[in-house]
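Okay, here we've got a single chain as structure tokens, the form predicted alone, with questions on binding and movement later.
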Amino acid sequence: MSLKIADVRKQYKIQATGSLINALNGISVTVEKGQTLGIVGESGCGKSTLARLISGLERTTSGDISWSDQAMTDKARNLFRARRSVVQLVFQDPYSSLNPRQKIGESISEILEVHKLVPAKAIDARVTELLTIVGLADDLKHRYPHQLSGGQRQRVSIARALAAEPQLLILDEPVSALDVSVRAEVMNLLIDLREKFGLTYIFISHDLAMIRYISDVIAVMYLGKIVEFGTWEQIIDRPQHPYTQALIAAMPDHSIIGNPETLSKTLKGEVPDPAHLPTGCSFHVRCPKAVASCMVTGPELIEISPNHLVACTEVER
């Protein structure tokens, strides 16, 4: 059982000009059951777009996404509704992802009712159980989101996701909006839940410390493509792609990946317009190792060592 993403592409059309934004340009990756895939890269690289495609919030322009060999891009209504209980997404901002007019208990019970996961008379008990699982007191179900702290709201968001009994959980910057003191608690909770329920995670973050703490494998993205893929030891300790190296060099405290102030000192130029991508390797306009051939041919991911893939013609193999 695994998540398979095969040559997924996503384009957005700008109505005013008719031009196309290339958000994803051929993403292919496999995540095995129980694994955690960490995804890193600068803002605008396509991380959140990929998350929305996997969760079904948006449709791919082309390519296939499947879970346990069952296509997840099928538009049939019954399959689309059914996979809501397979894949769930936890958003960055827990406050905006919760209905401010619903009490916490109502927000969670709504999931149970929609998916008919438990009998009506057992819903309240299940809500209490879910709150307990994420470390919250039962009496919080009678409160509104604004009456909870940021950490408590994110735990509620996780409880709502678990209510659907998912197999795959997509975590899009799940702790970046929380106080530093709360982040470790939520991260430990996520690790405990993964082990307890055998969950598969896709963890999106700019925080390299968090990525390293929770991920089994890491994908580094740039302008809609994966430019390096491997275990966290390979990516963080032995980065090979110039972009990965620049991201790590831009972390003075080795905790925040892609810091715009320090990254600008490491890389020249600006991120190209995704509506007008450069020919050849899309990174060559900023790459310190670029040669003439990089402007002509876009490199594919090549395995340079077991399970370590890099998309760069200048990397030694």
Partner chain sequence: MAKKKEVSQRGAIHYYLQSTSGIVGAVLLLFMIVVSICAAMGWLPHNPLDQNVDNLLHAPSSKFWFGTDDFGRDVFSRTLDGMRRSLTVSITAVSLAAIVGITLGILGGYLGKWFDMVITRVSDVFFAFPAILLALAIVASLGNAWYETSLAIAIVYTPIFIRVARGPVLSVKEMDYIKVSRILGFSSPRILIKHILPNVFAPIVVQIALSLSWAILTESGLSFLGLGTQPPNASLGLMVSDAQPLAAFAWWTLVFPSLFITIVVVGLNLVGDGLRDALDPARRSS
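Here the structure is a predicted model, which means the values were calculated and not measured. Residue numbers count along the first chain shown, from 1.
Keep in mind that the form predicted in complex with its partner chain is not shown, yet the notes after this line are about it.
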Per-stretch contact check against its partner chain in the model of the complex, the hit in 121-129, 209-217, 86-94, 182-190 (non-hydrogen atom, 4.5 angstroms): 86-94
Exercise: residue 232 in contact with its partner chain in the model of the complex, heavy atom 4.5 Å: no
Any non-hydrogen atom of residue 57 within 4.5 angstroms of its partner chain in the model of the complex: yes
In the model of the complex, residue 178 touching its partner chain (heavy atom, 4.5 Å): no
Close approach of residue 198 to its partner chain in the model of the complex, 4.5 Å, heavy atom: no
Joint contact, 244, 287 and 307 to its partner chain in the model of the complex, by non-hydrogen atom at 4.5 Å: no
Heavy atom contacts to its partner chain in the model of the complex at 4.5 Å, residues of 92-122 in sequence order: 93, 96, 97, 98, 99, 100, 101, 102, 103, 110, 111, 114, 115
